[in-house]
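Read the single chain below, which is given as structure tokens and is the form predicted alone.
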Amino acid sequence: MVFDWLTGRGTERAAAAPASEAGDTEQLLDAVIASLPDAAIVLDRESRVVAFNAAARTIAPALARGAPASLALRVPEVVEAVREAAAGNEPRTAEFAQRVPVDRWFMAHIRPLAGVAPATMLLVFHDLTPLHRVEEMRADFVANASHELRTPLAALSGFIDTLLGSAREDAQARARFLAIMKTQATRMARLIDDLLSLSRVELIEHMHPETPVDLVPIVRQVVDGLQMLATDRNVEIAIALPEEPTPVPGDRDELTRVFENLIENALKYGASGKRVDITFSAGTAAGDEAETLVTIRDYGPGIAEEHIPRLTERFYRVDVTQSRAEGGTGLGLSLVKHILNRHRGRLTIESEAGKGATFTVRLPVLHSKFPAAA
């Protein structure tokens, strides 16, 4: 029986195929396997390796033609599925995980091949790692969001019970508890608002805004709105605005949210430095693309180096207690990152413990003949 790759059918031949034809078939088999995007291995009827592609070596580095597949795979689930597929001439699947050098998950699909001598089975390994990691991220997100919402909710419930009970007639306690309840309700509302904003931005992250927006009035407006917080914290905001407009393609409300988060964080967590500097400058991105840089620097306690790569993760906090005391949700910098991704921009963070922190927003320069909108 010789397999016809064009018709997909096997045909009987009276005489054995010439050596040159067998060689051509082997080359064609190698070419087909090599072209598959997933790791693939072809086996004969004794489960020996006939062919495999480069991707298969990442799963089983010891693969060798003519060797039993079980020696290279060393995955009991897959070996058993191959045995069952060979015995019953039926397709089989097997899911397994590799823990070294990093955690990876695969689904092995074993399919018998009719009339493709000497090959009788095809193994294809589909990488499930991205799906598993997304599922882990989803589970972590739900767990963190639930925890963050449960904390203020528990406080509200406790104070309500107290006000309905022992503190019902205590005017002084009632006033104190109501103030705390308002703080907790505000925190919960802010968390919900950040969650909704983050979901919305992620949904449209691939849609890049093109409307001309001037960053100067946006930053000025944000600073004016946070002056009361600066006064309360005894922090001076030193802002150096350029004389000319600084247009970028963007969404005004989203960029306002970016600078509100960054400047508010500088005022809250860098307050001990008593000063926050905001400056504009020009830069160049990869590919020599012109960028506009807005830098927010505080002179507070700074951030230890090991925390910096994780600052834009959802719910990640350097100091959980301080963050919650300041009303932080743990989502601010994650929201900043996703908004800047949507704007084809990026956020860079530089800091040393005890020497303050510098957050730099980098946005592409507007290439347009139209003036930026105010």
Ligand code: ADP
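The first residue of the sequence shown is number 1, and the count goes up from there. All values derive from a computational prediction rather than experimental measurement.
Another form exists, predicted together with this ligand; not displayed. Remarks below refer to it.
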| query | Counting only heavy atoms and a 4.5 Å cutoff, which of 298-306, 138-146, 154-162, 78-86 contacts this ligand in the predicted complex? | reply | 298-306
| According to a 4.5 angstroms non-hydrogen atom cut-off, is Val318 in contact with this ligand in the predicted complex? | yes
| Exercise: Thr246 in contact with this ligand in the predicted complex, heavy atom 4.5 Å | no
| field | Exercise: Ala357 in contact with this ligand in the predicted complex, heavy atom 4.5 Å | value | yes
| this ligand contact in the predicted complex: Val42, any heavy atom under 4.5 Å | no
| said: What I'd like checked is whether Ala60, Leu73 and Trp105 together line this ligand in the predicted complex, meaning each has a non-hydrogen atom within 4.5 Å of it. | reply: no
| message | If the cut-off is 4.5 angstroms on heavy atoms, which of these, Leu331, Val50, Ile33, Ala69, is the one near this ligand in the predicted complex? | response | Leu331
| Within 4.5 Å of this ligand in the predicted complex, heavy atoms considered, which of Ala55, Leu29, Leu311, Leu340? | Leu311
| query | Within 231-265, which residues come within 4.5 Å of this ligand in the predicted complex, counting heavy atoms only? | reply | Asn265
